[in-house]
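Take a look at this one chain, the form predicted alone, written out in C-alpha cells.
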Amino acid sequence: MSSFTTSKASTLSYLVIGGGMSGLIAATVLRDRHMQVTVVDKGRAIGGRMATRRIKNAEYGEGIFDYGAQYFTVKSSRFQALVNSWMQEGIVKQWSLNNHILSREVYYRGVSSNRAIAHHLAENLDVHTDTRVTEITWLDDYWQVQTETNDTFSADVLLLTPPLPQTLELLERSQIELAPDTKQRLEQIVYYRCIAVLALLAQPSQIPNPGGMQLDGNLLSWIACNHKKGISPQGNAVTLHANPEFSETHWEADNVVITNQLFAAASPWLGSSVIDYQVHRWRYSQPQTVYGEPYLVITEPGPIVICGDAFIQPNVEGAVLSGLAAADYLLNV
C-alpha cells in the first residue's frame, strides 16, 4: 500500500476495468495529465450502455440502432462543460423530444450514434476490447490482472467500473475481502433489467418526429425510430425497450414469445411489417438505488477505486461524475 500513498500520481500506472462512460471519462482525465492508463472491456465494443448495433438486409437496407441509453440530461456545470465541448466537436447534439416526454429538460444524444461518444473518448486511449478479467492479484507492490484468454496486465492502481454485482463477483473470485459494512452496502444495490428489441422495418415507422417516445403502457417504456432520429439513414430501424416489470418476468422467455408481445404493443407506432430483429437483454440497465458517495476506495491488499452510475446518480451523468470524481481523487492522493 505504501507505493500508493507515498508515490506521486505521475509515477503510477492505472488499469481501468470497464469501458463504459465512467471508465472512459476517468481514463481520459488521467491520460490528459500524462498518466499511463490502460482500459480493458469484456465487450466487443466499448461504451457499455452507450451501445449501437447494425442489422443489414439486401432488400431493405442497413438499420443502425442505439439500443442502450437513448439520451442523457445534464444538471451539473462540470458535465455541461464537457457536453458543450462535445457539441462543438460535432459529437453530440440536443434532441428536442416532443410532448410524449413530460419533462422540460434538455435532452442530448450522439450525432452519429450514442456509441460514437465512447469512441470519441477512447480515440487516444490504450483500449483492449473482448478482454474479460477473471482474477486480480496483488503482488507486493503492483496488481497483476488475468484475463479469460490468459493475457496478463499489470498496474499500480485499479479502477473498477462494471455494474456492482460483476465487481463484487470479481473481488470474491480474487479472494479480496471488503469490510462487512461496505460489502453489505454494495450488495444492497440492485439493478432494473431491460429487454431491448431492435427491429428493421419494411416501411417507415409511424413514430412522430424527432423519433423518440416514452411510453406508459404495461409492456413498453420506450420506442424510438433511429431513421427519424438521423442515425440510420439507409434503414427503418426501430428500438423497443420493455418496461422493468415485463423484462423481469420475461427474462428467460423465448425471443419469439417476447417479440410477439412487444411488437403487438408497439403496432400503433410501427405501421409496417418487421423484416428482421434482434433481442438484447440488459441485465444491469439502471441501478434502482445508489451508494451515496461518488466512489469507493479500497486500500488492502492494494489500491482499488470503484466508481460508476450506481454511486451518485443512476444515469449517464451520474456515471460521468463518478468517473471524474474517482480520477480527481487519484490525481490528488
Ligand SMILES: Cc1cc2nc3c(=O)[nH]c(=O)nc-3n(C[C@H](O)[C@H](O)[C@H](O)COP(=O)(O)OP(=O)(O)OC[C@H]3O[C@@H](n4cnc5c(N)ncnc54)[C@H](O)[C@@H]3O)c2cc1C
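The first residue of the shown sequence is 1; numbering continues from there. From a predicted model like this one, the values you see are computed outputs, not experimental measurements.
Separately, the form predicted in complex with the ligand exists; it is not shown, and the next lines address it.
Taking non-hydrogen atoms only, Q36 never approaches the ligand to within 4.5 angstroms in the predicted complex. Within this chain, T137 is remote from the site of the ligand in the predicted complex, having no heavy atom within 4.5 Å.
Although the partner is absent here, G43 is a contact residue: one of its heavy atoms lies within 4.5 angstroms of the ligand in the predicted complex. Using a 4.5 Å cutoff between non-hydrogen atoms, H241 counts as a contact of the ligand in the predicted complex. Only one of 47-55, 26-34, 296-304, 269-277 places residue heavy atoms within 4.5 angstroms of the ligand in the predicted complex, namely 47-55. Proximity to the ligand in the predicted complex holds for none of G63, F65 and A118, with the criterion being a heavy atom within 4.5 Å. Residues Y67, G68, A69, Q70, Y71, F72 of 63-77 are found to place at least one heavy atom within 4.5 Å of the ligand in the predicted complex.
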